[in-house]
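Presented below, as structure tokens, is a lone chain in the form predicted alone.
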């Protein structure tokens, strides 16, 4: 018997209409765990670098994390993997909610889509009965509307629906896949789903999931629950509100947005409004949020209520994505009422809440600077907020200038020319990033931005504090119960970190310390993305209930694979390296590993070079960021080494 996982993938060839239930190799679970890990292996084996995002040979993989469907608290993430039209690299995006556990209970670990349907369809998975059904009547419908119509059509109110909106149908490069309480937003994976002619994947499952050692597994779950209760009563002092508590992150419970609104950038990531947050603004935003928010909701098997249902006047109720609360507001230099209103429409359209506002602000900046003209925006209203509604509609329909903007700022700037590329400055690997504009170079974030392949900073940063505490006595108090660290040396790194002086940014933490900190944070995210764990209970948060010391126990007792910290670390290193290998053979090199152009006002080229050189060596990569033959063989990735040699990426000399 397989424990925690079902041992079967659902393979659907959309071109031929063929449906297969395929048994998986338990050895792959031991080597790559599940979720992202086994997704990366499938992509390596079956999607060569010659295949582009909109090729029938590209795969779109929906994977339930390894521990989804078990009693592991907060473990509910779906890991969606494909080739991104935006980056041209292998991309993976996570969504919470109930979809992944439902898939497990239907008897599958993954849904793998290949080919293209000649007509718009949706997929209905009802335990072991799977159908490809006509979706022509859903064409042009919003993502939430689609879900409601399908559940009514099937008479299955408990079915879980992952759907695209108009943006996905029209292959907008930052189209999302929406799933009720969450979405897989980054990288344009909704565009790939639309290209394959799939409007939705609907799941209903009622079978059981077994764990190897139930009593021991439940004991670990109880410990996590007790710790969550403890943290609810003991928020961490001295950090921003979303880090003081647990959650993913709990933006919709927080009224105080002084830090975000004064440190993050407005417009096209150009303007900081240092004195924006006043008592009047705070009162106005509180009233807007409290009147719009109908209730707080949780994902599958989680006591935290991180999400909110919102009801704006005259609009259907919708679920707010985490940071979208601010992105539209800040891009349009407007208020929270506008942000919550346009986010409802954007959710129905199915677009990434980070990229879409930045693309529209970018377009207006080009207009203001004469690179685009009034003729490009014929019919656009005068009022700022109305302009954003107008542009959003044209982007998702790919009409006029919207057809160019639908490809994101990187590709749009190349097509527009005339200096437009200077304004597409907020990108990482051709991908719009969270808008920030800061002063001095931050070495930790520099490495995370440059080398991270999730390309979403909230899915990279985590268990090490973002900045030093002002006083040593505060740092000493913080480290006293900091048992989550993989090694006590991290406590000392933090204790000695000062706001000013020799032990301050950018030369402290030292280059070597920075490498270790970034590697630890990345490791935790990659574990989450294999197991299906919410980052809000693990990798994103300080002093989280899940950490490197209890994860091996969850795997051992849940999956029945003997696991310890060393073996888990090696497994993570294996599939993290495989993710990079997928992208290396797609052409990614050191030249692509750089932060947004004007993210920091003060840059230090010699330090940045040293950081990359040292981190590459630390990870077992050569000076171009390519995993070395030695490290590949050490990780059991000899097949990658052989491919790299055959392609001339590495030599065997």
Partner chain sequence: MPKKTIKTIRVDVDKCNGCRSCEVICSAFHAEPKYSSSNPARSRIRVIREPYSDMYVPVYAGEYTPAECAGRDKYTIDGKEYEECAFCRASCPSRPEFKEPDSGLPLKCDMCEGEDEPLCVKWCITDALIYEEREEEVDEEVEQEEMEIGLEALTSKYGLQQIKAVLSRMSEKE
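Positions refer to the first chain, counted from 1. Keep in mind it's a predicted model, so treat the numbers as computed, not measured.
Form predicted in complex with its partner chain: not shown, discussed below.
Tell me, which of 291, 335, 466, 222 has a heavy atom within 4.5 angstroms of its partner chain in the model of the complex?
By the 4.5 Å heavy-atom cutoff, the listed residue in contact is 222.
Can you pick out, from 73, 343, 406, 572, the residue that has a heavy atom within 4.5 Å of its partner chain in the model of the complex?
When its partner chain is considered in the model of the complex, the option within 4.5 Å is 73.
Looking at heavy atoms inside 4.5 Å, which stretch does its partner chain contact in the model of the complex, given the options 469 to 477, 410 to 418, 523 to 531, 205 to 213?
Comparing against its partner chain in the model of the complex, the contact stretch is 205 to 213.
Interface membership of residue 303, its partner chain in the model of the complex, 4.5 Å heavy atom rule:
Close contact exists here: in the model of the complex, residue 303 approaches its partner chain to within 4.5 Å, heavy atoms only.
In the model of the complex, does residue 35 come within 4.5 Å of its partner chain, counting heavy atoms only?
Judged by the heavy-atom cut-off of 4.5 Å, residue 35 is well away from its partner chain in the model of the complex.
Given that its partner chain is not shown alongside this chain, does residue 362 nevertheless sit within 4.5 Å of it in the model of the complex, heavy atom to heavy atom?
No, residue 362 is distant from the partner.
Within a 4.5 Å heavy atom cut-off, is residue 579 in contact with its partner chain in the model of the complex?
No, residue 579 stays farther than 4.5 Å from its partner chain in the model of the complex.
Site check 59, 183 and 192: each within 4.5 Å of its partner chain in the model of the complex by heavy atom
No.
Scan 182 to 203 and note down the residues that get a heavy atom within 4.5 Å of its partner chain in the model of the complex; none is a fine answer too.
Heavy-atom contacts within 4.5 Å come from no residue here.
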